[in-house]
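Just one chain follows, in the form predicted alone, and it is written as structure tokens.
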Amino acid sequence: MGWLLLLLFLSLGAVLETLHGFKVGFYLDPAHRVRREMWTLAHAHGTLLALVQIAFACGVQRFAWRSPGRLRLASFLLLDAAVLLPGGFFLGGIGHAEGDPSYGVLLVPVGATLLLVAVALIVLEAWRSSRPTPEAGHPSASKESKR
């Protein structure tokens, strides 16, 4: 999914550069400053979150996830954040009023919250997997349990 999102948001960036290069009015006119800003934010956040998806996929094997449910939850939240955060910015640039984004921008804080929770779950698992677990019958296990 990360690679697909990367393709999508890099393509969006190419479209935005094309609109800019051909001086397309509905994108560059001063009255559409909010649209340009929102769509640029959609491109930037989408590209970054696609890279986060790829990094997460590469790191799944690195951490000893003790709960498959927590792994699924982190993955689900990251995917939702990768859609809602840039999607909210993009929708905020469609049909905007003078100086204000449209109501689609309300998806941004939802996506940001999901992203924060997902990253917190990943940090928790990284921290837990870096701590040694006492193995049964190992001499240091009985010392650790007495402390």
Partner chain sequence: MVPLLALGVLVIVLVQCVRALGWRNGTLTGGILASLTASASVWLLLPREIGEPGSLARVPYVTSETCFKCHPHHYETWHRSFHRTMTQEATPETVRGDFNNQVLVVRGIPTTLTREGNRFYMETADPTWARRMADTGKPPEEWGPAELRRFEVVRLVGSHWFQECMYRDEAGRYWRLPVSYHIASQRWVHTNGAFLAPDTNDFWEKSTIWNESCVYCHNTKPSKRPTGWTMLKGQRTPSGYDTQVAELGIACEACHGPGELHVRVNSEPGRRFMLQRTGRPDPTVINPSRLSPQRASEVCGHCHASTVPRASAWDEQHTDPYTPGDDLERFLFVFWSEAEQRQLYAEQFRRSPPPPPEPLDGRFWPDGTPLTTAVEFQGMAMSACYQNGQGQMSCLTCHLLHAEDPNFQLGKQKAGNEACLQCHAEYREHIEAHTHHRADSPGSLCYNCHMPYQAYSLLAVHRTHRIHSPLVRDSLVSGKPHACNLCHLDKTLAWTQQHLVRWYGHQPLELNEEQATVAASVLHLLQADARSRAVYVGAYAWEPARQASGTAWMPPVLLDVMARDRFPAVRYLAEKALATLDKGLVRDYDYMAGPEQRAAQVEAMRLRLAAAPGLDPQNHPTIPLASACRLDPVRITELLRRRTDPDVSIHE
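Residue numbers count along the first chain shown, from 1. Just so it is clear, the structure is predicted and the values come from calculations on it, not from any experiment.
The next section is about a form of this same protein that is not shown, the form predicted in complex with the partner chain.
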Revision key, fill the gap. With the partner omitted here, the residue among Val52, Leu41, Ile122, Leu84 that in the model of the complex has a heavy atom within 4.5 Å of the partner chain is Leu84
Point to revise | Residue contact check: Tyr27 to the partner chain in the model of the complex, 4.5 Å heavy atom | key: no
Check your understanding: Hey, in the model of the complex, is Ala31 touching the partner chain, heavy atoms inside 4.5 Å?
Key -> yes
Review point. Is there any non-hydrogen atom of Tyr103 lying within 4.5 Å of the partner chain in the model of the complex?
Key: yes
Practice item. May I ask you to check whether Val110 falls inside a 4.5 Å heavy atom distance of the partner chain in the model of the complex? Key: yes
